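The chain below stands alone, shown as structure tokens; this is the form predicted on its own.
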Amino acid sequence: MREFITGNQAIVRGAVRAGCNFVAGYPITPASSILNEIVRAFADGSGTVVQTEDEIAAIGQCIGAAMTGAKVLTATSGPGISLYSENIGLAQMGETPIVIVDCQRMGPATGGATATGDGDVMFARHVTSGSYPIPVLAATDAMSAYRLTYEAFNIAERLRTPVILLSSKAIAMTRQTVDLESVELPAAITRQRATSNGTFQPYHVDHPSDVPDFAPIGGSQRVRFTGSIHGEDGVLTIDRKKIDAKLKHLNAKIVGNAASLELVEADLDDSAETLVISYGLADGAAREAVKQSREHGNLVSHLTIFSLWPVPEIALRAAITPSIRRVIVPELNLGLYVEEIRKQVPGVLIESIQRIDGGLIYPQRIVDAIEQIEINAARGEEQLR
């Protein structure tokens, strides 16, 4: 069934499909309609929604609900996710599954509340102290917002971690015609529950990249929860070996599962010398530019990245086929992600296309970059002759 909906409506639909049953949030443009839509979705009693007094209370309530077993979501924008920062670290330390939607707008500070952008890319990765990794996904339109919200819940539940989904003002508030029923989704995941046999260690793992079994606070087993460093029993510790094991585990359970977190869409031409890599709102312009360039006779490949962090290294290297000599990366920020791509593909010419004034990158700008590269390449070959 085809529908004409906003990206925020698609996010709510994806959350409900994933089994979300608790939402807390504080109104902020352009995320506010997620709170409004979830009220309607939970009108049948299938979930609880709370409008809190501020953003700090919102994510705090989400942590509490998640640790009792709920599947939780909260949504905000730049100033709000700044206030979320400390409690995101608490969710990391307590291994609490939470889906956090960041509907980006122009920053910094209040910035442009009604202006779009993709400027929170690095902040989402390093949002809290310690810089331990957090999976970060990036929607490109309403359809991907629906799918990635669902995927974010699966990742959060499987790895017991906060997951950030980046959207933007333009995606959040723009209506698009979509057929959500046509989207193929994996089975919904629910975190592994602990058995009641023996002494329960709430943070015990056999291997650093494993994920501890979950027991809800308020259940039959004792669960200790703290933001301070602790051992497998949840008790605060100054034992260096226990500290080392805990912190290596927080890193390894994300990095060690990085391959399974890669979400991309590859449209590759084995003969192409130019590769366009895009994510977020700029992806729409990139798709149109690749289409037009191919119609002009240019050989171009395209890679859409939906999982920004951890960096999808396998997919990036696979997209750099032997014929690729140059890469174009359009971004609605100061070129925040292009440096990560340069790290993965050294020796390849990479051009950054940027826009930061709240406007969009138009397809023609990318087409012009592709064709200028082709012209320069042809001139170089002519000079060699």
Partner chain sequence: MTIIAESKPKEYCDYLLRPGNTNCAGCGMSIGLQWLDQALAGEKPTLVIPACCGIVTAGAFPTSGYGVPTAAATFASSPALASGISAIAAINKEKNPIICWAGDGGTYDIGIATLSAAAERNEDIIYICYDNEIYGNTGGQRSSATPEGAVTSTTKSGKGERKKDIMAIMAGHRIPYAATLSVAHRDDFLRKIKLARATKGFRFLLILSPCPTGWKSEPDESTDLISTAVRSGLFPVYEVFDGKRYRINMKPDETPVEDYVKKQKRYRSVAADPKGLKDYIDQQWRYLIGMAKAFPATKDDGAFLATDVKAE
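All of these numbers come straight from a predicted model, not from anything done at the bench. Residue numbers count along the first chain shown, from 1.
From this point on, the text means the form predicted together with the partner chain, which you will not see here.
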| property | result |
| --- | --- |
| 4.5 Å heavy atom contact with the partner chain in the predicted complex for all of 89, 128 and 131 | no |
| Contact label in the predicted complex: residue 342 to the partner chain, heavy atom within 4.5 Å | no |
| Contact flag, residue 26 vs the partner chain in the predicted complex, heavy atom cut 4.5 Å | yes |
| Contact label in the predicted complex: residue 333 to the partner chain, heavy atom within 4.5 Å | no |
| Close approach of residue 323 to the partner chain in the predicted complex, 4.5 Å, heavy atom | no |
| Contact residue in the predicted complex, from 318, 349, 39, 360 (heavy atom within 4.5 Å of the partner chain) | 39 |
| One residue of 183, 223, 83, 261 in contact with the partner chain, assessed in the predicted complex (non-hydrogen atom, 4.5 angstroms) | 83 |
| Interface stretch in the predicted complex with the partner chain - options 351-359, 324-332, 29-37, 64-72, non-hydrogen atom within 4.5 Å | 29-37 |
| Residues of stretch 221-239 in contact with the partner chain in the predicted complex (4.5 Å, non-hydrogen atom) | none |
